[in-house]
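In the block that follows, a single chain appears as structure tokens, in the form predicted on its own.
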């Protein structure tokens, strides 16, 4: 079974990706307008509340593949936005025959739209999107986590990861979007997860704006 081929899912994803593509120039303009303001990680989502900022089509398929390959049951997502990545994750769980995505979205309007999109795809039975600060809403995901997607503000990635580390099963996968090394210096998040003393085996993969793929093996 491949839910990505389900017309409800495929047609919805095609529309959402097309709408996201149409926003690219507007996003560049908004980011440029905020350059002097330099909003912090808490304020940034509210400045960008009208924009999709989704995973790419390639990243989405990779998420689906990872859910299927790991046989994941419990998936946690930081930064559900309008639910594009959530659809890929939930499709994998449905095809696994079990599981739930516990998502978190700080902007209430986005969370409502995400729920509507998941229902339209017929996947809402595999998703719970919690509204509010993920450092609170994800504190208890409801069980051991098989896969964690970090796709909100990168400035909060370490906070969310460290919050959930006691909940990660051995072998859990952590995928972090928008992690790009700066010249010879690794991104601060990448530097932390690549340190074997922190319990991960981690590597950068070439997807969109840089993606860090980590596997939790436990503390030494």
Ligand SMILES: C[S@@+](CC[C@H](N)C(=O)[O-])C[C@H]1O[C@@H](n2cnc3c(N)ncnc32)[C@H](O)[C@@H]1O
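Every value quoted in this text rests on a predicted model; they were computed, and no experiment measured them. Residue numbers count along the first chain shown, from 1.
From this point on, the text means the form predicted together with this ligand, which you will not see here.
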query	finding
Per-stretch contact check against this ligand in the predicted bound form, the hit in 92-100, 78-86, 140-148, 118-126 (non-hydrogen atom, 4.5 angstroms)	78-86
Interface membership of residue 55, this ligand in the predicted bound form, 4.5 Å heavy atom rule	yes
Any non-hydrogen atom of residue 72 within 4.5 angstroms of this ligand in the predicted bound form	no
Partner proximity in the predicted bound form: residue 165 to this ligand, non-hydrogen atom cutoff 4.5 Å	no
Partner proximity in the predicted bound form: residue 109 to this ligand, non-hydrogen atom cutoff 4.5 Å	no
Within 4.5 Å of this ligand in the predicted bound form, all of 176, 195 and 214 (non-hydrogen atom)	no
Residues of 136-156 having any heavy atom within 4.5 Å of this ligand in the predicted bound form, listed in sequence order	151, 152, 156
